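Have a look below at one chain only, the form predicted alone, in structure tokens format.
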Amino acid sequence: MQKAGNTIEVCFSPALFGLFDSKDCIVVVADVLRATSSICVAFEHGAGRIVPVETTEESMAYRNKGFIVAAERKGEMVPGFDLGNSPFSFMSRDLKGKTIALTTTNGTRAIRAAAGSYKVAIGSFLNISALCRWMAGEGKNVICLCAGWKNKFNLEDTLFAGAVVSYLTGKAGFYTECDSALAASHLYEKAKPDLYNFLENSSHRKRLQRLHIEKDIAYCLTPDQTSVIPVLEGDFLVNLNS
């Protein structure tokens, strides 16, 4: 007998996303270190729209249209662009009302991969409670899509997905029969007391440490810094609460 209520599933990598039926689902894309966190920060500081693109060439082409252009590869800002992928670089009054063309190693590609879904939302620890409350009221099944690292599993996005699973199954009446969702939830419950130290040996934390941007890591793992809910409308991300 099928259970009543909405379901939640977790996809560990964009490479696996074709195995999921997302046509009538909200897909939450998570690249918490750092693309989806930076997107939330940009909207918190008044950005008008963000167009996520897959290549640096696509992003740079928007400069001629008056867009701010942002690009990151392998954790570093690409030379010649206005911004990289640090959330702190998006904390600027200069972004108010502006449109940003953004490309990152993993996050923006995952957003584009999910574009055929009922609704694509941007998730991070920074907006997790507001996002979960919104999803709880939408009456739709949810898929958490982890951006991972170059189509491989990563730990930080999985922890975020587990936090969403724990919230929705615990407070919003969702259920799951998805093993990846159960695994993500168990990992999150183990990591929850200290996410930063739990990720100490994770590949992307080490990658960012080598770039001396540990403050980005700590900030991106801090829950509920904003109530923005970025969603994809056509080719552009917009703030649902604006």
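Since the model is a prediction, treat every value here as computed from it, not as a measurement. The numbering used is simple: start at 1 and walk along the sequence shown.
Missing here is the form predicted together with a further copy of the same chain; even so, the following discussion is about that form.
**Student:** If the cut-off is 4.5 angstroms on heavy atoms, which of these, Lys150, Arg73, Arg133, Lys96, is the one near a further copy of the same chain in the model of the complex?
**Tutor:** It is Lys150 that has a heavy atom within 4.5 Å of the partner.
**Student:** Given that a further copy of the same chain is left out here, which of Leu187, Ile213, Val51, Met60 has a heavy atom within 4.5 Å of it in the model of the complex?
**Tutor:** Selected option: Leu187.
**Student:** Counting only heavy atoms and a 4.5 Å cut-off, does a further copy of the same chain in the model of the complex sit next to every one of Ser13, Leu16 and Glu177?
**Tutor:** Verified in the model of the complex; spot residues all in contact, yes.
**Student:** Going by a heavy atom distance of 4.5 Å, is Leu155 a contact of a further copy of the same chain in the model of the complex?
**Tutor:** Leu155: contacts a further copy of the same chain in the model of the complex.
**Student:** Spell out, yes or no, whether the shortest heavy atom distance between Phe198 and a further copy of the same chain in the model of the complex is within 4.5 Å.
**Tutor:** Phe198: contacts a further copy of the same chain in the model of the complex.
**Student:** Verify the contact flag for Thr56: yes if a non-hydrogen atom of it lies within 4.5 Å of a non-hydrogen atom of a further copy of the same chain in the model of the complex, no if not.
**Tutor:** Judged by the heavy-atom cut-off of 4.5 Å, Thr56 is well away from a further copy of the same chain in the model of the complex.
**Student:** Mark Phe20 yes when one of its heavy atoms lies within 4.5 Å of a heavy atom of a further copy of the same chain in the model of the complex, and no otherwise.
**Tutor:** Phe20: contacts a further copy of the same chain in the model of the complex.
**Student:** Tell me which of 63-71, 39-47, 178-186, 22-30 has residues with heavy atoms within 4.5 angstroms of a further copy of the same chain in the model of the complex?
**Tutor:** Of the options given, it is 178-186.
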